[in-house]
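Before any questions on how it binds or moves, here is one chain, the form predicted on its own, in C-alpha cells.
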Amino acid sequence: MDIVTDRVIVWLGGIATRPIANVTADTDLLDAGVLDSIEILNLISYIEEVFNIAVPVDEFVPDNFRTPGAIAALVGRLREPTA
C-alpha cells in the first residue's frame, strides 16, 4: 500500500461508527457502512488539509470514496500538476 492509502485507513479507524476488521485498499467502505454522507464530507476535509488539495464538487461521487484505494487514486489525480 502507499502512504495515502495507509493514512486514509488510519483515519477510518478513528471514525468508524461500524468498525470493520482488516481494512485493506479494496475494502468497500460504502457497502460495509463505514462511510456515510457526513463522514465522506469529514474525510474530504481531512484529505484537503493533509494533502494540501482541493476536492472539486464534481468529484463528490460514490465511486471516488468506495474503497481506500479509490480515495488514494482521487488524491493522486488531484495532486498531479495541471498542464
Partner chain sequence: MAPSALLSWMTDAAGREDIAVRETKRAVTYGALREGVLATAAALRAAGVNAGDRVAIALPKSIAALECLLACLVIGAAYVPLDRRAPAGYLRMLLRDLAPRLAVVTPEIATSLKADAANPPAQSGLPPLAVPTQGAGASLLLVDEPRNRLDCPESPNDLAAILYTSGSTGVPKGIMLSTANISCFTEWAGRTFAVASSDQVSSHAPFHFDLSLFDIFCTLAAHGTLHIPDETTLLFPGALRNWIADAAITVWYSVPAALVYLSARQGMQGLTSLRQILFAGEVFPVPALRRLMTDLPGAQYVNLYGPTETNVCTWHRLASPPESDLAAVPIGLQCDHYEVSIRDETGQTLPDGETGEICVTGPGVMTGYWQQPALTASSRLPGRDASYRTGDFGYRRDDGQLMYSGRRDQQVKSRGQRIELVTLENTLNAHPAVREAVVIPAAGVGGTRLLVFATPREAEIDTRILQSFVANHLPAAYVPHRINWLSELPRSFNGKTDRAALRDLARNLPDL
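Residue numbers count along the first chain shown, from 1. As the structure is a computational prediction, the values presented were derived from the model and not from experiment.
The same protein has a further form, the form predicted in complex with its partner chain, not shown here; the description that follows concerns it.
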{"property": "Partner contact for residue 62 in the predicted complex: its partner chain, 4.5 angstroms, heavy atom", "result": "yes"}
{"property": "Exercise: residue 47 in contact with its partner chain in the predicted complex, heavy atom 4.5 Å", "result": "no"}
{"property": "Contact flag, residue 26 vs its partner chain in the predicted complex, heavy atom cut 4.5 Å", "result": "no"}
{"property": "Its partner chain contact in the predicted complex: residue 52, any heavy atom under 4.5 Å", "result": "no"}
